[in-house]
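Listed next as structure tokens: two forms of one protein chain, kept apart as structure 1 and structure 2.
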Structure 1
């Protein structure tokens, strides 16, 4: 086989590898991506996290227990629950939460800040 033919065959071989790799990535990322079915709350999308925090705020209004709220918020991954609430407030304001819901979130944030200032957990 002449060097030219050998080079040509090598070129097409290499090209087919790239083509196959592209097809594999497309299949693995788009057609049949890895499915996560056992996720944790900290992986929730920001709007779901905001609603999660709102639920915690609603429960706080009944229980008045910042430690409980702190434990519930800890599932969202941030070691500082106040930051979690503040992020939720930002998201909630972007999503147009009602004023009452915003106030609930704000009260939870204040309560947690006070609680931490007084010694926290």
Structure 2
């Protein structure tokens, strides 16, 4: 086979690969993208759940309402929000959250433990 024929075959091969990949990306992003409907926070990955718990801790820092924090944490699927916060603390320490964030999570955990001990839900 001559070099010119080999070049043509190689060119058409690469062109078809790039066109196929381009059409696949176009189809997946524009024509028929994935749509998530009615998802809940309990379907988040552990790192995103830790972020969610941190946001709840930040809200608790302002509101000082353990019942509200408990309701927000119940969306993560565990009936005991204290366990949810403890899991988030473990995940946060593995991911290297800042000391201030770790303290917020710790305060939320302590507040929930006290609230449950005093007869929470």
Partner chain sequence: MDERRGPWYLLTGLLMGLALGLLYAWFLDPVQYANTSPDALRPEFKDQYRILIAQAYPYSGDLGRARGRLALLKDDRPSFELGAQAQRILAAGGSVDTARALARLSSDLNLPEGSLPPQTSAGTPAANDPALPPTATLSPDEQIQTPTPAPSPTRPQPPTFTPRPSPTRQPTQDAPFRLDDQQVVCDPQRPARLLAVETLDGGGNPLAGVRIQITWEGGENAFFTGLYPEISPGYADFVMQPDVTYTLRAGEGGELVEGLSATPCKDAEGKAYLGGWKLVFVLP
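Here the rigid core means the biggest group of C-alpha atoms that line up within 1.5 Å when the two forms are laid on top of each other. Since the model is a prediction, treat every value here as computed from it, not as a measurement. Residue numbers count along the first chain shown, from 1.
Undergrad: With each form of the chain shown alone, which structure should be assigned as the form predicted together with its partner chain?
TA: Of the two, structure 1 is the form predicted together with its partner chain.
Undergrad: For residue 48, does the CA position differ by 2 Å or more between structure 1 and structure 2 when the superposition is done on the rigid core?
TA: Moves: no, less than 2 Å.
Undergrad: Kindly check if the Cα atom of residue 100 is displaced 2 angstroms or more between structure 1 and structure 2 relative to the superposed rigid core.
TA: Residue 100: C-alpha displaced by less than 2 Å between structure 1 and structure 2.
Undergrad: Answer yes if the Cα of residue 28 shifts by 2 angstroms or more between structure 1 and structure 2 on a rigid-core superposition, and no otherwise.
TA: Passes the 2 Å threshold, so yes.
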